[in-house]
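Here's a solo chain for you in structure tokens, the form predicted on its own.
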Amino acid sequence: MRTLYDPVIYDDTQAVPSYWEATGPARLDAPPLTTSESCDVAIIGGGYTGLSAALHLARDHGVDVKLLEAGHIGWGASGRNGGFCCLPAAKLSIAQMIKRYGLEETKRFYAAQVDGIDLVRSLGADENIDFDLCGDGNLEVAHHPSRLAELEESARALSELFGIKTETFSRAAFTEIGHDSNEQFGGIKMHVGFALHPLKFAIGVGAAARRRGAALYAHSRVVAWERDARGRHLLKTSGGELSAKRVIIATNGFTREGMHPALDGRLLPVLSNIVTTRPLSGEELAAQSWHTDNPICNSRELLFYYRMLPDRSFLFGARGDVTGREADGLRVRDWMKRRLGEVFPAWRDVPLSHFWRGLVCMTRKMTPSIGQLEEDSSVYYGYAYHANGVNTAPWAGRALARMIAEPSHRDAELPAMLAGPPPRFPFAGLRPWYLRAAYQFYRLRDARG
């Protein structure tokens, strides 16, 4: 199976050197698959989508379900993202969504996004998962004076069209409720969402799924996918094989080319990098007028995303390189350290504690994709959360569970912009070059403000 980045990015035998791994719970004790097993539904991928699907299939519908994960449970993006439970999971503007799908479908999409946030919160309560929830909303900050008007228009649309309470703040007002910086010229607050510890959430959902009857197998990457004489799917790993009537593909940005031909050429995995600092003192926080536990994104096309962690370490994220090579990753780390100090000059000399990276998943459609393969209705998929999977992936997993267990309601809850696969990229082997070109274009836009 082929990959778009250096093999180090896909090395599921290696631990992720993240803040979350250092501060999270013990790994879920899930053994590798070492025998021949069978089930009704097999899930490929042990992140939010797959774990949520397993939980809802087993708990709500009594389905015999088994899950295969290449690394440890939560090894992929679900265990290494920034912990932003926010919206939207799309790279289209509100105006673009309405033009393409219509106002009513756009309203359905935003309602589903809010429902996804509520689902994460309810999973914590229902399954007794402590995932360090903090904050009471999400903030977006204008990195340049010219971007504030766009944020204000977005705030009006969110409030008036979708009923999502959203406030706007001048630079001075944002300093009082958020922070000050060299790239803070006002912003908005969406009164939905929060921040969390992503690995604690992933492990908690996995433990709940297993407790409810799902079988989880870690370190069991699918290396071959066949059909047996009865037409059942046969998923082979290095140590065993799993036979199933139906399969859910839940591998998102870590999907390898060749795993299933229906997915080849449709996904654009993109590297995202995160650094964290040592805990900041009260004096250091005051130097940047830091007042919030809410997660924050700025208005750059190649955005910075950041938040204060419960121990007062600072998390700072940005897009990564286009090769995945270790040397290129280290160069991005050094660039992020410099840029953190330029945006927050009082923290210029604060040492970093952790650096890690992973893959988010983009597509030409620029919205998530959930459904069944047209060529094989026994195969389901959920992927492409466009760097916003914390609320969307668990929702997608629940939607897939309902599609399988309640066929009469198969497509009833899917907004149009979530249903169906994205188109393939033309000359799909050139995707890394498309990404290079897009980065150059976005850098020029960001430089102009």
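The first residue of the shown sequence is 1; numbering continues from there. In this text, all values refer to a predicted model and were calculated from it rather than measured experimentally.
If you look for the form predicted in complex with a small molecule, you will not find it shown, but the lines that follow are about it.
J.: Using heavy atoms only and a 4.5 Å cut-off, decide whether all three of A22, W347 and L352 touch the small molecule in the predicted complex.
T.: Result no, not one residue of the spot touches the small molecule.
J.: Okay, which stretch from 285-293, 358-366, 171-179, 100-108 lines the small molecule in the predicted complex, with non-hydrogen atoms inside 4.5 Å?
T.: Selected range: 358-366.
J.: For A209, is any heavy atom within 4.5 Å of the small molecule in the predicted complex, or not?
T.: No, A209 sits far enough from the small molecule in the predicted complex that none of its heavy atoms falls within 4.5 Å.
J.: Can you tell me if G71 lies within 4.5 angstroms of the small molecule in the predicted complex, counting non-hydrogen atoms only?
T.: Taking the distances in the predicted complex, the answer for G71 is yes, it comes within 4.5 Å of the small molecule.
J.: At the 4.5 Å heavy atom threshold, is A250 in contact with the small molecule in the predicted complex?
T.: Judged by the heavy-atom cut-off of 4.5 Å, A250 is in contact with the small molecule in the predicted complex.
J.: Tell me, yes or no, whether T277 is in contact with the small molecule in the predicted complex, where a contact means a heavy atom of each within 4.5 Å.
T.: No, no contact at 4.5 Å.
J.: With the small molecule left out of view, choose which of G320, G83, G187, G116 has a non-hydrogen atom within 4.5 angstroms of it in the predicted complex.
T.: None of the others qualify; the residue that does is G83.
J.: Consider the chain as shown here, without its partner, and state which of L414, I404, V63, A387 has a heavy atom within 4.5 Å of the small molecule in the predicted complex.
T.: Only one option qualifies, and that one is A387.
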